[in-house]
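Given as structure tokens, the chain that follows is alone and in the form predicted on its own.
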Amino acid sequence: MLESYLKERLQSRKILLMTHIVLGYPSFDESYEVVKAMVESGVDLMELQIPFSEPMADGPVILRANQEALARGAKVSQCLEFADRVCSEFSIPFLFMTYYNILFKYGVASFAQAMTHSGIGGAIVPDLPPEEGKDYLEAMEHNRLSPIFIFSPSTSLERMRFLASLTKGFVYCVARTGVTGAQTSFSQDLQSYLTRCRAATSLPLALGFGVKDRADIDFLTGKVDIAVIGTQTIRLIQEKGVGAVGNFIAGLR
């Protein structure tokens, strides 16, 4: 199970690193090279984003990657095939991140079965509130997959506890409201928010939205269990190419 993997990993590391890529960007072959470089550089788990035309939680950098992947013909079937390949070749857990329309069009139960067949361990679906996700939660439970729900600074403690009761693996805490990629101030102002997160659940906490360098990860060490790097890696690919990824990830440790 994902939670047991994370807790075991945390016995030997002070903080874990989760990375995020958009499948099919710049291409599926290059996506594979990025995954390989990230795993070899020591990431602990990865989000694989299935491209979507209206990624409402994502800022301009990841939005552009989604649009370019779709323009080049990326399809859900290719994403599932890609997942099958990387899950079979690399030993870290992989999660899907996408939007609910992808699951709805595919068929929620069929999508969960396809995730299991590919070796994916869970999913982050940021536009699906649990009150409207009965079919999704049942399919995830039936296939022993981890649904990951999200806390934000505006989430009440009561709401956090409700979301945590439906979450498996870990909770994804966003560092601020808004979309990915904007500037985040990593300061003591985060502490009261993270204290509420800790009070709401015993699950590991991941924090993303604005984590960009070693200094941010050093700041988060001891405060959360997983630091999430997303936009910064995709920005690096856009500016310097896939070959720059390995050294960047290795430098975060």
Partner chain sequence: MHDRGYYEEFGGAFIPEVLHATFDELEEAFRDARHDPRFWQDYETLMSTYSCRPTPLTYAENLTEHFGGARIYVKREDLNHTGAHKANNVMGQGLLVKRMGKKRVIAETGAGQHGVATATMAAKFGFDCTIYMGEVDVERQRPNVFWMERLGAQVIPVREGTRILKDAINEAFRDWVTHMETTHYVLGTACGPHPFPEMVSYFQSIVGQEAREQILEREGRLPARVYACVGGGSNALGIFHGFMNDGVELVGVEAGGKGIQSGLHASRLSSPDASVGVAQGYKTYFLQDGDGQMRETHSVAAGLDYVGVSPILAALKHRGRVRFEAATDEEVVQALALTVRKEGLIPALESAHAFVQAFKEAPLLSSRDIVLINQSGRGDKDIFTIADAFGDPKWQKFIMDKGEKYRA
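All figures in this text were calculated on a predicted structure; none of them were measured in a lab. Residue numbers count along the first chain shown, from 1.
Only in words, not in the display: the form predicted in complex with the partner chain, which the text now covers.
What stretch, of 85 to 93, 115 to 123, 137 to 145, 151 to 159, brings heavy atoms to within 4.5 Å of the partner chain in the predicted bound form? That would be 151 to 159.
Could you confirm whether Leu190 comes within 4.5 Å of the partner chain in the predicted bound form, counting heavy atoms only? Contact with the partner chain, no.
Does Glu81 reach the partner chain in the predicted bound form if we count a contact as any heavy atom within 4.5 Å? Glu81: no contact with the partner chain in the predicted bound form.
If we define contact as a non-hydrogen atom of the residue within 4.5 angstroms of the partner, is Lys223 a contact of the partner chain in the predicted bound form? Close contact is absent here: in the predicted bound form, Lys223 is far from the partner chain, nothing within 4.5 Å, heavy atoms only.
Classify Lys75 as contacting or not contacting the partner chain in the predicted bound form by the rule of any non-hydrogen atom within 4.5 angstroms, answering yes or no. So Lys75 counts as contacting the partner chain.
At 4.5 Å, heavy atom to heavy atom, what parts of 47 to 67 sit next to the partner chain in the predicted bound form? List them in sequence order, or say none. Counting only heavy atoms within 4.5 Å of the partner chain in the predicted bound form, the contacting residues of 47 to 67 are Pro51, Phe52, Ser53, Glu54, Pro55, Met56, Asp58, Leu63, Arg64, Gln67.
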